[in-house]
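Just the one chain here, the form predicted alone, laid out as structure tokens.
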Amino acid sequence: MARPERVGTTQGTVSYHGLRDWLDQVEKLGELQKVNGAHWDREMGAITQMLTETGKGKAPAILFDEVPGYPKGYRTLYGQFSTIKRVALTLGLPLEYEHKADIVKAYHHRMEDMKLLKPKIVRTGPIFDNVLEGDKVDVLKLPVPIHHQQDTHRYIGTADMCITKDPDAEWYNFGAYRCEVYDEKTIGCQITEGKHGRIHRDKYFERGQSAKFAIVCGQDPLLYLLSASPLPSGVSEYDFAGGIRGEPVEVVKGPFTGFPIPADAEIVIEGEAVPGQVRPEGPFGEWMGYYSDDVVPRPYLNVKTVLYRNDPILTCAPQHKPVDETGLLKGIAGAAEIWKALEACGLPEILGVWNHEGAPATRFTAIQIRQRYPGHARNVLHVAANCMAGAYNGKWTVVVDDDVDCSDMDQVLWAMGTRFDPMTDIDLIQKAWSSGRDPMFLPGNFNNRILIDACVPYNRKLKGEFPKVVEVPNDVRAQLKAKFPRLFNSQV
């Protein structure tokens, strides 16, 4: 259960407004590290990776200032979601949990109870502090980094939200797609097949039309979190964010696209992709911990406007060898959507879902259930591996019993080591949805999946034939914690 501690948030309420207020609250939590003088050319990315490697789930958010060659106050922010506490702050959830998977449960319940709220259009906002159009367009006025040692270009879009519009509906979608900088007026936008932004762009191209984009490169962390979440088709992340906040997101119309953009955004780039216009894109250090598979021609954007606030903050999320912030971010968001899909299919007694950060994310999903019928575990495995949130680039899906914490890898491995038979408790899925981000992908962007039933065999569970677990009962734990508080007060 969540502990009652509240810092910067109350249960059910997102109390901050905008990225800058979020940073103030993160600093009060003691989780913000400020660094002056790091260079945009690979130093900021390397520092972030080194701090994350040693952070063990407690790495700070890092705000870089005094970037060589740029005015003081032109900042970059890395590592927004390296801790569960910062994810919880962003979602307006309790900040402390007994088990990591409890934050997924809390988020899942929030989504069940909330009502979607459409954004509120306002006339102006801080994003219009600086507007560059025509010959003045120059994305390199901002301290765009080279993130990894073997990246060959700067990438302005990593912790971003790319806004696209369905040509057949009034639906705007957000996606966190990488954006390479070719020059001051041209950037890439790599989108994997099957993603909503790719579908939108392909629809325009199929009709011989250009596709407009608004790339937000500094925004409320909630909007970034949602842009990286596998929300259903037709659902606007703005409406979702309004529902989580309990109030609508204020937006203004982009000068070129006419798209709704956050009024308090830090940086927005508007442009269009033209059918047939491509440039080689990549390489980039990707979320599986490897450099992207290829450098191939991909559509790019002709930049039409650059908008930014005074003293702008460029948000960055260069993926690297796990664990990194994107593994946690995608893991929590994806796990909540998997949970929703399981319950939508009528599967009972789902107690927890967790995407393990080291895999990373949906490469290793564990689901905790209370078995209710023969085949229950297998039903859960197949739905979790094939729903939209679990289908893309998954690899391992494991189901465990109610006495196993699905977010504790030691406990999951214990269940796999003692309740699993290699001949009877494995199912395989072939030709599943993958991408070139997977170094083991198969031709055609497929991969194969393994499903592990690590539950006590149902018939032995019913008959009480399975050996009893060596365990301290919950009531005894509570009594001892009350009797010896100094022994346990440092434990969550």
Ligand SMILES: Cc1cc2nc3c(=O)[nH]c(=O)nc-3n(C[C@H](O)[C@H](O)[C@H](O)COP(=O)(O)O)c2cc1C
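Please read all numbers here as calculations on a predicted model, not as lab measurements. Numbers follow the displayed sequence, beginning with 1.
If you look for the form predicted in complex with the named molecule, you will not find it shown, but the lines that follow are about it.
Trainee: If you check I191, V249, V144, V252 against the named molecule in the model of the complex, which one has a heavy atom within 4.5 Å?
Mentor: The residue from I191, V249, V144, V252 that makes the contact is I191.
Trainee: Looking at A317, L222, I367, A341, which is the one with a non-hydrogen atom within 4.5 Å of the named molecule in the model of the complex?
Mentor: It is A317.
Trainee: If you check in the model of the complex, is G197 within 4.5 Å of the named molecule, heavy atoms only?
Mentor: Residue-level check for G197: yes, a contact with the named molecule.
Trainee: Does any part of Y177 reach within 4.5 Å of the named molecule in the model of the complex? Heavy atoms only, please.
Mentor: Yes - in the model of the complex, heavy atoms of Y177 and the named molecule come within 4.5 Å of each other.
Trainee: Does I332 reach the named molecule in the model of the complex if we count a contact as any heavy atom within 4.5 Å?
Mentor: Result no; I332 lies far from the named molecule in the model of the complex.
Trainee: Heavy atom to heavy atom, is P280 within 4.5 Å of the named molecule in the model of the complex?
Mentor: So P280 does not count as contacting the named molecule.
Trainee: Taking 4.5 angstroms as the heavy atom distance cut-off, pick the stretch from 227 to 235, 378 to 386, 117 to 125, 343 to 351 that is near the named molecule in the model of the complex.
Mentor: Among the candidates, contact is made by 227 to 235.
Trainee: Tell me whether T158, N173 and T326, taken together, all sit within 4.5 Å of the named molecule in the model of the complex, counting heavy atoms only.
Mentor: Looking in the model of the complex, the three residues T158, N173 and T326 all sit within 4.5 Å of the named molecule (heavy atoms).
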